[in-house]
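Before any questions on binding or motion, here is one chain by itself as structure tokens, the form predicted alone.
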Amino acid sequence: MPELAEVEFYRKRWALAATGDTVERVLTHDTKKLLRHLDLPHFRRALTGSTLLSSSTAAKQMAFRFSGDAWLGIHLGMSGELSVFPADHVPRKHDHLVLITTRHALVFNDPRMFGRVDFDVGAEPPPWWGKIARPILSPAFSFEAVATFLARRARAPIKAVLLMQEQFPGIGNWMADEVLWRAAIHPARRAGTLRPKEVRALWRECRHVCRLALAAIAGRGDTLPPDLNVGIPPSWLFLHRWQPGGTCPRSRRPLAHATIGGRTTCWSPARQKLK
């Protein structure tokens, strides 16, 4: 599933190509579940003739603001991606939303259809955007807020807690593993067993990994790095976690894998000990 940095990458891809452009046509796969909740005739009328003004990301979602106070929200789900093609692009089987602008075709493609398209018209951000948790890199993501959240979920494995979007927006599977590895915390540790020093390390590494991921993966909006490896230094767990016989880039000892909190998890037994 796309995480914080990948979502920002895809937002940039559309924004760099089409900010300031006018939407000439809106093409939709009307019967698909990720669009069924919309009033599609109204959706198409409102966007046709509008201009893309700005865009932003929050957690795993994007919002594109158009003239006429139109707001387009996109959640990529498991397999969604945003692409840019020439304006004469013919929609493919899984191109569920295509915005034809003066210069390009902005395409939302989602083969597995776990994504979602939201739409609203209004001067203020719509409810589906305003209810998203504050970003990890914002002042609202404080050590105290994290400590309180962990205390309320004391019996849950810390890996599962890190995937809870109401406190850790944008953190997904690989980022959670990276955070825990850097903080030297075993992913199966119960959240309530972490000492204040460990909670602070967790809070610090959440912010650090978000910054690193955004710089390495989302820094460009034209080409997605192959396997997300371009620009990521070899000191990251990310580059070693699924290699056959992969070893920890710090201890040089073998990595371990298991399902924890319902998600496939990688960690370094030499570094992340289960206390």
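Here the structure is a predicted model, which is why all the values come from computation and not from measurement. Quick note: we count residues from 1 along the sequence shown, nothing fancier. In this text, rigid core is short for the largest set of C-alphas that superpose within 1.5 Å between two forms.
The following text describes the form predicted together with the DNA, which does not appear among the structures shown.
- Contact with the DNA in the predicted bound form, defined as a heavy atom within 4.5 Å, is made by all three of 154, 172 and 264.
- Mapping the unseen interface onto this chain, residue 165 counts among the residues with a heavy atom inside 4.5 Å of the DNA in the predicted bound form.
- The DNA is not drawn, but in the predicted bound form it has a heavy atom within 4.5 Å of residue 114.
- By the criterion of a heavy atom within 4.5 Å, residue 93 is counted among the residues contacting the DNA in the predicted bound form.
- Although the partner is absent here, residue 125 lies well away from the DNA in the predicted bound form, with no heavy atom inside 4.5 Å.
- Residue-level contacts in the predicted bound form: of 204, 103, 190, 134, one residue has a heavy atom within 4.5 Å of the DNA, and it is 190.
- With the partner removed from view, the residue among 145, 78, 121, 87 that has a non-hydrogen atom within 4.5 Å of the DNA in the predicted bound form turns out to be 78.
- Of the stretches 196 to 204, 157 to 165, 179 to 187, 134 to 142, only 157 to 165 has residues with a heavy atom within 4.5 Å of the DNA in the predicted bound form.
- Although the DNA is not shown here, in the predicted bound form the stretch 50 to 72 places heavy atoms of just one residue, 60, within 4.5 Å of it.
- If you fit the rigid core between the shown form and the other one, you'll see the Cα of residue 32 move by 2 angstroms or more.
- In the predicted bound form, the Cα-Cα separation between residue 30 and residue 45 grows by 3 Å or more relative to the displayed conformation.
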